[in-house]
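Take a look at this single chain, the form predicted alone, given in structure tokens.
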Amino acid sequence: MALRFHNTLTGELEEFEPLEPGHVRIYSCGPTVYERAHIGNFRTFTWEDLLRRYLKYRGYRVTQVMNLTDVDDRTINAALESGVSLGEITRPVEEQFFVDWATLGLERVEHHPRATEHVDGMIGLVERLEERGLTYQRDGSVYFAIARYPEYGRLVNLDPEALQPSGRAEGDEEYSKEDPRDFVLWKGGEREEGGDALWDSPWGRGRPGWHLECSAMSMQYLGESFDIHTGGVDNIFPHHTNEMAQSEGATGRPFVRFWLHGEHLLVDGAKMSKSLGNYHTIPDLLEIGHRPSAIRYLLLSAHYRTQLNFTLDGLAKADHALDRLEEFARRLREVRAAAEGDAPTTDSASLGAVARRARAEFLAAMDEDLNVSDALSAVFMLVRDANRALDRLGDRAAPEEVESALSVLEGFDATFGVLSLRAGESDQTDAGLREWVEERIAARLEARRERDYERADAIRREVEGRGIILEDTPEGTRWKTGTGTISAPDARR
């Protein structure tokens, strides 16, 4: 079956073939490094990692670029308010980003360019647009003139004549424009306005516009035309619309063949907000004992073009799903070890048939625009049916049939990256879980001493929602995980 993706540019599922046979070039919009990325950001980064991994699993060579936006109004303002250089604001946030990136087991992409290190290329792109008559200057700033470019808005089938000024603050609202629809390419500025984030240019000192950065960096590393551009749905307009206009306006060539956009993450059914108390970063979740593999699994559990509701209960269920996959893989390895040298039972081919069907269904699902729901169904169908086959066989099967089942799991993990992540999770995560459980047991004990049984019951439900079972004994409260690991009671309880 051919690999197909939903292309935002056409609104259709289209068969995918890269421009260069066997080599896929991808640009992914990266973080603005003014504060730590949250789980909504990582929902996007994680499905982009899934895309990358699946393309590699299918035999393609992948070159992926993800920028680091280290110059925009938020980073500049933070530097000015703190009285430090731009790098002193952005570099620590970059480091945090890559720590969280590694924690979730995301593959490092080939290029992570910083905007501040590619300003010359951005200036060159503005000069090309200027030569084609698509820009104008006002007070040291340079703007893209939408009215001079009839193709504007093609990404979203937008009529430029009906376009209203964007409601999103892009930092150029205070600048003088010929037309409120136009967007800034180069922002003129003085030293006191931009701190150290100012560069010399043919139009005077200033800094690049947000949209310009991605066009210049993507074309530098991937060429003027490349295969796939990814991002969140909030990037479609105005960011990707403007990227496309300025890139194709400068080169006269198609910019990107496939635009893939992921939907928003909800938390407890609502938009994530610090004021609602549902704002989570990766360290926040680790601190209360959740495992990186469960976080990654949950972030990947829904199709990238559908909204995902992220809940702590969902994390507990993700953890249980991974327990089941781990136990199945362990059983297969034990059967394989026991079967070496033994004659297989006559119907052990049934295990291989189950594996072949699961592989075919997994590939068919992933080939259809990364349909993770059907892909996961195929994997868990393998777990169910293979376990039944092994039960019938008394755990005796031909090694090649066991290998067939194991290879399906390996292909799944090459794409989803959750089992290998779980296998490598450090004792620090287990220590974090223990610390959290002990703290909740202490809080429950205090509630019971105060005869606040409603609160005590709520704490028990909270702990059990994480897959932890509490057992009250004369010696104190014992607890165990869903896998049966028991912690001895604290004598003080």
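Heads up, when I say rigid core I mean the largest set of C-alphas that superpose within 1.5 Å between the two forms. Since we're looking at a predicted model, the values are computed, not measured. Each residue number is its position in the shown sequence, starting from 1.
The following text describes the form predicted in complex with a small molecule, which does not appear among the structures shown.
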Would Val119 count as a contact of the small molecule in the predicted bound form, using a 4.5 angstroms cut-off between non-hydrogen atoms? no
Is Thr44 close enough to touch the small molecule in the predicted bound form, meaning at least one heavy atom pair within 4.5 Å? yes
Against the small molecule in the predicted bound form, would Gly140 count as a contact residue? Criterion: heavy atoms within 4.5 Å. no
Thr63, heavy atom within 4.5 angstroms of the small molecule in the predicted bound form: no
Exactly one listed stretch (310-318, 181-189, 324-332, 224-232) reaches within 4.5 angstroms of the small molecule in the predicted bound form by non-hydrogen atoms, and it is 224-232
Arg440, His38, Arg448, Arg53: which sits within 4.5 Å of the small molecule in the predicted bound form by any heavy atom? His38
Let me know the one among Arg205, Arg74, Arg384, Arg357 whose heavy atoms come within 4.5 Å of the small molecule in the predicted bound form, would you? Arg74
Large Cα move at Asn371 between this form and the one not shown, threshold 2 Å, rigid core: no
On a rigid core superposition, would Asn278 pass a 2 Å threshold for CA movement between this form and the one not shown? yes
